[in-house]
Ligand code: HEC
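Just the one chain here, laid out as structure tokens, in the form predicted alone.
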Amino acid sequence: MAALIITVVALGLAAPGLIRAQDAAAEDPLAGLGAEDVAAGKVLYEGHCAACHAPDGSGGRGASLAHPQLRRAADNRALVRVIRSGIRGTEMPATWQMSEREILRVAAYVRTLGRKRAESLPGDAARGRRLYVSNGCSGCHIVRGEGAGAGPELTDVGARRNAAYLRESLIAPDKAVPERFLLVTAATADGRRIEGVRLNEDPFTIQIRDGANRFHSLRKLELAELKRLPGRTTMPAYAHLPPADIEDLVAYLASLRGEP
């Protein structure tokens, strides 16, 4: 019997049920995983992912994962690819320390986080939107194509960040500076000093946007000094606002989830 099964498979005459199972695995890499895998994925997630995405997936320095539909992982194949390879140009790194089986288990656990509901917040989102406009936030941020781009785009910030992170970003923005908006200062050989946001950097050059929105592309070998300024940000602190205003702004930002 064993020899017959081997012969059938070798000839491409596998049973329809086996073919369907193979097709399902090709379509969905998580199809064959069960509760034991999800439990193991939870342990791996807590060890490798929770520091950025929060233990409950609500987000922090990393994106919020507590949504059924993830912006960069529409299906399970895309989710596994993101975990395995990271996202170029973001703070999401590639995974080198986990096996392929462990990556699948983490992905299976991440999908369970998407069943959580959005946070219930005390603020008034409509009033928060008015405060956003009156405080000139669109001078640095873009929401649905409106505003300037000196700071992070906020169109879907509510889907990527939890309320605690948003609140801290308003009150003490120097504690939550995104890596893509790191401030640097460069001194050129002719005595000029340029300070601004690092846009791009490689071993030989660095590109900086200064406070006047001018772009500078500099060769590192020609610089007298290049310093990174961790904890510095162009984002002003709004700790002076009444607590109710802060909560309204948080409610508005949390409502921005990328929908039209």
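Counting begins at 1, following the sequence as shown. All figures in this text were calculated on a predicted structure; none of them were measured in a lab.
The same protein has a further form, the form predicted together with the ligand, not shown here; the description that follows concerns it.
- Candidate site formed by 72, 173 and 238: every one of these residues places a non-hydrogen atom within 4.5 angstroms of the ligand in the predicted complex.
- Judged by heavy atoms within 4.5 Å of the ligand in the predicted complex, the contact stretch among the candidates 229 to 237, 214 to 222, 187 to 195, 27 to 35 is 229 to 237.
- Under a 4.5 angstroms non-hydrogen atom cutoff, the ligand in the predicted complex has residue 87 among its neighbouring residues.
- The ligand is not drawn, but in the predicted complex it has no heavy atom within 4.5 Å of residue 163.
- Proximity of residue 49 to the ligand in the predicted complex falls within the 4.5 Å heavy atom cutoff.
- Taking the partner from elsewhere, residue 142 is found to have every heavy atom lying beyond 4.5 Å of the ligand in the predicted complex.
- Note on the partner interface in the predicted complex: the residue among 76, 155, 112, 135 having a heavy atom within 4.5 angstroms of the ligand is 135.
- Looking at 167 to 191, the residues that come within 4.5 Å of the ligand in the predicted complex, counting any heavy atom, are 169, 170, 173, 176, 177, 178, 181.
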